[in-house]
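Next up: a single chain in structure tokens, the form predicted on its own.
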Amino acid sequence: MNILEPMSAHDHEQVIAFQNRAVGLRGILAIHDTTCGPALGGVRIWRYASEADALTDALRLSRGMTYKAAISELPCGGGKTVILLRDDLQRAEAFEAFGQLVESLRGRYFTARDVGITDDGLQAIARTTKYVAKEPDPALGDVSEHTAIGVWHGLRACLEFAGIAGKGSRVRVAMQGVGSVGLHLARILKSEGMELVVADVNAARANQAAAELGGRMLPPDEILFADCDVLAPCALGGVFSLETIPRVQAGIICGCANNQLATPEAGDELARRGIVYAPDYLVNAGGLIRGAEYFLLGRADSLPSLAGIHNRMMRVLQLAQERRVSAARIADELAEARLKQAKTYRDLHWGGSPPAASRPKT
């Protein structure tokens, strides 16, 4: 498996392939950029078709975390860990071993919950490292809820930009995925008087959400093409491609899933069709914002609030309209501009060495 070539494609700083045969642990930890501060990013567990697929996921997700931090003007960079779900995986012991790896990085990387990680998993990681956001924690709150609140603020901007804000129950939202973040977002939308259509690969979870929210269900393979005003992708990424976009009926796409666009050209196609697209790493930054407050002590008062996502989203949409390009490309440009500025400052003032990582309270 070639690691250095895909690393260099998007300027990743470090990729660690790790394993512990005794407990069935195998995974990849990717640190994309620490120019603005230590790398923050969760750990996910997934049954990948191959190790190459796991590497691709880790690289894409860690880069997305850097861009998320940059566009949110946070004092941190991006990282991500993927653990391969295997039949011989002993979860508790494997998570403890992973925690030892995180601890060995001495604050260069902080981790938290992602897909497939339960409270028990977080507690196991926390037994061997202090650099993890374990939940529940009153000081941190519910990261999933923070993420959902941020997406709502981004959606508010999209609704205003599209001229349909304030329609309440006349706004129909199709939810792809009602897991921890998706369900929080669905509850917010329901409280705002919106009509919901839900789908999830877990049928029991979809049934429960539909019953709670008074919405109706659609099969997972139909939800992207539902008759709706807003499409909220809240599952895995890569769902919008040149093949799927022609069938999308929504006028707005805004959800909490990462890496929603299969290619940059997919964002261009959304813009060509006049679909208002909320760049995922811009609107789903709520959990990272709260995580930065939790980890980077002494700097919380200078961090942007979740409500600030609304203004950043509106700025991106307005710039995209003025320049007649996709919102995705505008968001990338803004994130890359901040990174470039920070790297220039670092080279001038730190002689090429990044700042020391802050440490969490123990």
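Quick caveat, the model's predicted, so the values are computed rather than measured. Residue numbers here begin at 1 and follow the sequence given.
Beyond the structure shown, there is the form predicted in complex with a small molecule, which is absent from this document and is the topic of what follows.
K.L.:
Considering non-hydrogen atoms and a 4.5 Å limit, which listed residue (A262, I188, A162, L236) is close to the small molecule in the predicted bound form?
P.N.:
That would be L236.
K.L.:
Within 4.5 Å, heavy atoms only, which of H310, R63, R44, R26 is in contact with the small molecule in the predicted bound form?
P.N.:
Filtering the options by heavy-atom distance leaves R44.
K.L.:
Does K68 reach the small molecule in the predicted bound form if we count a contact as any heavy atom within 4.5 Å?
P.N.:
Yes, K68 lies within 4.5 Å of the small molecule in the predicted bound form.
K.L.:
Is L84 close enough to touch the small molecule in the predicted bound form, meaning at least one heavy atom pair within 4.5 Å?
P.N.:
Output for L84 is no: heavy atoms all beyond 4.5 Å of the small molecule.
K.L.:
Classify S72 as contacting or not contacting the small molecule in the predicted bound form by the rule of any non-hydrogen atom within 4.5 angstroms, answering yes or no.
P.N.:
S72: no contact with the small molecule in the predicted bound form.
K.L.:
Does R205 make contact with the small molecule in the predicted bound form, using a 4.5 Å heavy atom cut-off?
P.N.:
Answer yes; at least one heavy atom of R205 falls within 4.5 Å of the small molecule in the predicted bound form.
K.L.:
Would you point out which of 266-274, 207-215, 140-148, 123-131 contains residues with a non-hydrogen atom within 4.5 Å of the small molecule in the predicted bound form?
P.N.:
Partner-contacting stretch among the options: 140-148.
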